[in-house]
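So this first bit is one chain, no partners, the form predicted alone, shown in structure tokens.
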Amino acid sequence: MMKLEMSCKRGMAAGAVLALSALPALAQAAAAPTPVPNKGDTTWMLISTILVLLMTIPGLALFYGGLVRSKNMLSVLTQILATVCLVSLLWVFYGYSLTFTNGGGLNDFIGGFDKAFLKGITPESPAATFSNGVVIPELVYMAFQMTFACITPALIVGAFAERVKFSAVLVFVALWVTIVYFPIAHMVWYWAGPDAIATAAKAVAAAADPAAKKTAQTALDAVNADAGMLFQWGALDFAGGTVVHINAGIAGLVGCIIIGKRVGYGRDLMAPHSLTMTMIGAALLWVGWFGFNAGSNLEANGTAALALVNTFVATAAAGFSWLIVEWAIKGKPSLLGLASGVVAGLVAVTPASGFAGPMGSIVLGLVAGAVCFFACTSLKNAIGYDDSLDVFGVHCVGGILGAIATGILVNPSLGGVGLPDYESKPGELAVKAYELAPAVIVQLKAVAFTLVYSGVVSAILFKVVDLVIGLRVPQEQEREGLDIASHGERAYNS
């Protein structure tokens, strides 16, 4: 039987341990010897961490860099590399703690500062996976999650490329990851972990009288409540459809509208200066995405293999779908379209990668390629916004499609793995009864919440940065190009 994985990445269960301590038997179980990390799982997670970093630098940097004009190539590379450096520091200072610890009275929305500056985390500290009694080193888990925190704001940069101040990018990124990314990641991915749930569920089953059962059930309820709000809703997001792509995509749309269109947009030619670079970047994104999706399983097992295969076939389907649709409508198949379709497929399959079957993922990819093509052409032209590198059309639209489809494709009758159940048979593999309407509705709720929260807060942050330091460079600097105007150097010297 295929191993079941939860929709969310594991957080530290401080509140759950406090709830369990009320019961002597549970407290004794909680004090059991710490499981030893498996070297294979640890190795896989180290590799996955490196692969996700590869997605951002150089993958995303080259993909975006090739799409802008040559006078702005270096500025995009600098913005993305600087974002990675900045967010890495913020993550270890307080981001990891805010995302993956219990936040007390605000735990539904945000964590606390118990692990700020990595306090208490040593090479021996364990982090739970999605299996009872299976752990990986917490430093590995922390670093893996750090790469997600880095790439998400870096995606936003593409929406307002070629016209924004470098200082504004840095200030906005610092504010955005703190006020938007860390809370959303906590709400979707923080939970008490499988061992806390299994221990509490076993106590309920073993209770001999009504009073003991009531006490045990209270402890189990406390464990289930030790999770982010969207996790408690039952939202499924295997590797970041809401947390990464919808989150970044809607922020990018808001940003490009507030900042305004590029000088000459709609009049001057603004063709990509190097589709060769874009192709290289797209290929690196695809390779790195195996760590992004399959690594989100946290273990080297069959479900990681499923996520890898889904990432392969959905991406191929989306790239081919975009190519064929564009060929039929515009008369010629383009490399830019094919590369864009590949990224759209990667985005769409991300939330479903560990839940859907391969055939369902292919269907998702075919739909994503066509839908994102129209979002980046017809929808963009109809509304008239200047999303420089189609962050909204690919990441937000593709992420919405993938998040909603996850609620459908998880259905075992469609080849999915089913909804995991950690309570009915504690410590064993089990699935809940699947119902289409509730599964899709909770996905719609998660999508809507992410769009509203990220969109509104991002708009406020853009306005604050604009008032304090200004978002946009002067027109003469924009015409000259940000490479020279902002950084005093060129990407190319001939």
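From a predicted model like this one, the values you see are computed outputs, not experimental measurements. Residue numbers run from 1 along the displayed sequence.
This protein has a second form, the form predicted together with another copy of the chain, left out of what is shown; the following refers to that one.
Taking 4.5 angstroms as the heavy atom distance cut-off, pick the stretch from 102-110, 402-410, 321-329, 226-234 that is near another copy of the chain in the predicted complex. Every other range fails; the passing one is 321-329.
Are any of the heavy atoms in His273 no more than 4.5 Å from a heavy atom of another copy of the chain in the predicted complex? His273: yes, in contact with another copy of the chain in the predicted complex.
Answer yes if any heavy atom of Tyr385 is within 4.5 Å of a heavy atom of another copy of the chain in the predicted complex; otherwise answer no. So Tyr385 does not count as contacting another copy of the chain.
If you check in the predicted complex, is Phe312 within 4.5 Å of another copy of the chain, heavy atoms only? Result yes; Phe312 sits at the interface with another copy of the chain in the predicted complex.
Should Val442 be classed as touching another copy of the chain in the predicted complex when contacts are defined as heavy atoms within 4.5 Å? Taking the distances in the predicted complex, the answer for Val442 is no, it never comes within 4.5 Å of another copy of the chain.
Is it the case that Val84, Val92 and Leu118 all touch another copy of the chain in the predicted complex, with a non-hydrogen atom of each within 4.5 angstroms? Spot residues vs another copy of the chain: full contact, yes.
Taking only heavy atoms into account, state which residues of 105-129 are within 4.5 Å of another copy of the chain in the predicted complex, ordered by sequence. Result: Phe117, Leu118, Pro123, Glu124, Pro126.
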